[in-house]
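Single chain ahead, written as structure tokens, the form predicted alone.
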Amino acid sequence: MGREVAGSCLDGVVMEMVSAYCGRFYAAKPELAAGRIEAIGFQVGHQLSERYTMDRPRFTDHLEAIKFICKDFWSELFKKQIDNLKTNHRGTFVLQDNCFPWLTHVSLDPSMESTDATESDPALLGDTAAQTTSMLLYFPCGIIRGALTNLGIPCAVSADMSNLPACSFVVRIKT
């Protein structure tokens, strides 16, 4: 029997990590915060893929490894598979999760962001919420990149959150 962590605990840890790196450690340098969050995700993805592929034969091609990420790996992490996988057959894959768990409780409504009466610029609040949400996505991008790198597939991963709580992860294989 494998060890599991409650989803709400994991959600809390991820939210707190993003908050700490964006608000306390690298408040003035969001690019450094993003890099550090992605690096932590990379380590997590690398280690998890090691664990989840221990008893499997090696993958023969990129598509097979990506399908593993979409089905088995994602199921282990989020108890569901990726909803849609698209490819251009030239090294770019789009993994779409229509209800990404870490974004289901995120709101970009500025009125929900702060109860502080001194904050009067709603545009500033909206930008802060969008920036925090985008920072949250560096972690799963790192997880995907770390897992694929461990499987022998160097890549770059980015995220698109234009339709919350849906999220698309774009994987570009490096040749």
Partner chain sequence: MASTACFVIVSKNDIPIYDAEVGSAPKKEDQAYQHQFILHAALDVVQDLAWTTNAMSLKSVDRFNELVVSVYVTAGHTRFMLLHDTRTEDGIKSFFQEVHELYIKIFLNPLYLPGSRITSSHFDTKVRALARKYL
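Please read all numbers here as calculations on a predicted model, not as lab measurements. Positions refer to the first chain, counted from 1.
Keep in mind that the form predicted in complex with the partner chain is not shown, yet the notes after this line are about it.
* Using the partner position in the predicted complex, report whether residue 67 sits within 4.5 Å of the partner chain, counting heavy atoms only. => Looking in the predicted complex, residue contacts with the partner chain do not include residue 67, since no heavy atom lies within 4.5 Å.
* Distance check, residue 46 to the partner chain in the predicted complex, heavy atom within 4.5 Å -> Taking the distances in the predicted complex, the answer for residue 46 is yes, it comes within 4.5 Å of the partner chain.
* If you check in the predicted complex, is residue 54 within 4.5 Å of the partner chain, heavy atoms only? -> Yes, contact at 4.5 Å.
* Answer yes if any heavy atom of residue 133 is within 4.5 Å of a heavy atom of the partner chain in the predicted complex; otherwise answer no. => Residue 133: no contact with the partner chain in the predicted complex.
* Asked: With the partner chain left out of view, which of 151, 157, 22, 167 would have a heavy atom within 4.5 Å of it in the predicted complex?
  -> Of 151, 157, 22, 167, the residue with a heavy atom within 4.5 Å of the partner chain in the predicted complex is 151.
* To do: May I ask you to list the residues of 85-101 that have any heavy atom within 4.5 angstroms of the partner chain in the predicted complex, in sequence order?
  => The stretch 85-101, when checked against the partner chain in the predicted complex, contributes no residue at the 4.5 Å heavy-atom cut-off.
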